[in-house]
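The chain below stands alone and is given in structure tokens; this is the form predicted on its own.
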Amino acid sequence: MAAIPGARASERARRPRLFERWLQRRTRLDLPLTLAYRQIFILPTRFGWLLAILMGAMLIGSLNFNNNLGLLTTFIVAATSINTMLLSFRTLRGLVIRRGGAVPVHAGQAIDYRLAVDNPVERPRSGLVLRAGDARNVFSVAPRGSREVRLRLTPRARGWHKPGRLRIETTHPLGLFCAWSWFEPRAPVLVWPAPAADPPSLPEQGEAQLGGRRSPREEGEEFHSLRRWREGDPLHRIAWKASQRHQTLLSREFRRERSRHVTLDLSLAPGRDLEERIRILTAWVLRADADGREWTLKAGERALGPARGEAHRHACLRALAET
């Protein structure tokens, strides 16, 4: 007796696997896909079931009371329902789903997934619904037309992700039957790492990083600013005219000119763990790109650059996503 609950649990766990194998044998889930009769399923909607129960009751009542008008009404509604079932099926049959893809986004952002849908016949396709979980998009395709359909998928972690199983359905024209088909694009979607909210400043050339803090800049030959004179400053650094105007002794400060190139090394980035270091490097890549600077990214054995621009930024974010 104790083995019966375990057997029932095993049977319940085996049902989804059997359904998956049956679905893979009956349908071709990858794209491009032309919807044929083997890929289309159809069942009555809740409204359709209620109408069927009502028509059954009307049929029984009309037969008992020999009511010809009731019988005529029942047969007309039943014939109309069968025709709507065929129309729902024809709305999906022959529809071509060519390709799918999405522009890379950062982790935590919704994925804007796009599909290209073609209608190769002379009749319009109305009331189509593309669905993935709770996300849905209602659209139509003109005769001999093409349509790009967008669907906002749930946010994912960094890396490559498959969009999962999508469903296209319709209840056109009267909502009595729902015809649907499943497909599962295999082309993965790239999700970049999320940038750190408050990252440290960019590491400059020749500056050591110790826990996110830098050592003071070395003095050079480039004039930087005036500051108050400190004991030990050489006399030739004193700005006599400026000191006379401000009634205090001022000294010239010289700095070494910054290089426009910056090296971003994952192994030297501050952070408590790998994910935090990756988020900080992502923020540094975005900041260097916004400042128009040239940078080199070192992530493990990969070294990208020196370069700058959109293509280099995408390559660096992809390398960080794949780390």
Partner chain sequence: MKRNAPHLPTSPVAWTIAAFVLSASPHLLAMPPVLSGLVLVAAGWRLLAAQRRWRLPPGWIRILLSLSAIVLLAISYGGLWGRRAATGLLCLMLGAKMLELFRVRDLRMVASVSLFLVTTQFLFNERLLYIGYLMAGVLASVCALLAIQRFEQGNQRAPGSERRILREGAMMLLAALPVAAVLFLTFPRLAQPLWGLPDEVMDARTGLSDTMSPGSIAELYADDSPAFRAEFEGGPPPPGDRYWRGPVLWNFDGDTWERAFLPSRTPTDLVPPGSNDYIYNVQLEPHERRWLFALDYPVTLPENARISLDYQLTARKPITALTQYRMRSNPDPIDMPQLPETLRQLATRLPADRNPRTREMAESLRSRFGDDRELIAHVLDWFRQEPFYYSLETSPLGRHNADEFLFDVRTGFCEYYASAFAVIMRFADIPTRVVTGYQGGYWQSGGEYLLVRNSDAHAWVEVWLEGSGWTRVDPTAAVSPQRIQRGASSIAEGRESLFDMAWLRDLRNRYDRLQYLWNAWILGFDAERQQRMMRFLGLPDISRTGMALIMAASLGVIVLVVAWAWLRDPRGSRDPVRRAWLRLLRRVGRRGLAKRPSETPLAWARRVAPALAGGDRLVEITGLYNDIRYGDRREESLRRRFTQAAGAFRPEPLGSRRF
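Numbering follows the first chain given and starts at 1. Since this is a predicted model, take the numbers as computed values, not measurements.
FYI, the form predicted together with its partner chain isn't displayed, but the following is about it.
This chain appears without its partner; in the model of the complex, the one residue of 58, 286, 42, 36 with a heavy atom within 4.5 Å of its partner chain is 58. Heavy atoms of residue 51 reach within 4.5 Å of its partner chain in the model of the complex, making it an interface residue. Taking the partner from elsewhere, residue 267 is found to have every heavy atom lying beyond 4.5 Å of its partner chain in the model of the complex.
Taking the partner from the other structure, its partner chain in the model of the complex has no heavy atom within 4.5 Å of any heavy atom of residue 156.
Using a 4.5 angstroms limit between non-hydrogen atoms, residue 263 is distant from its partner chain in the model of the complex. Scanning 120-134 for heavy atoms within 4.5 Å of its partner chain in the model of the complex gives 121, 122, 123, 126, 127 in sequence order.
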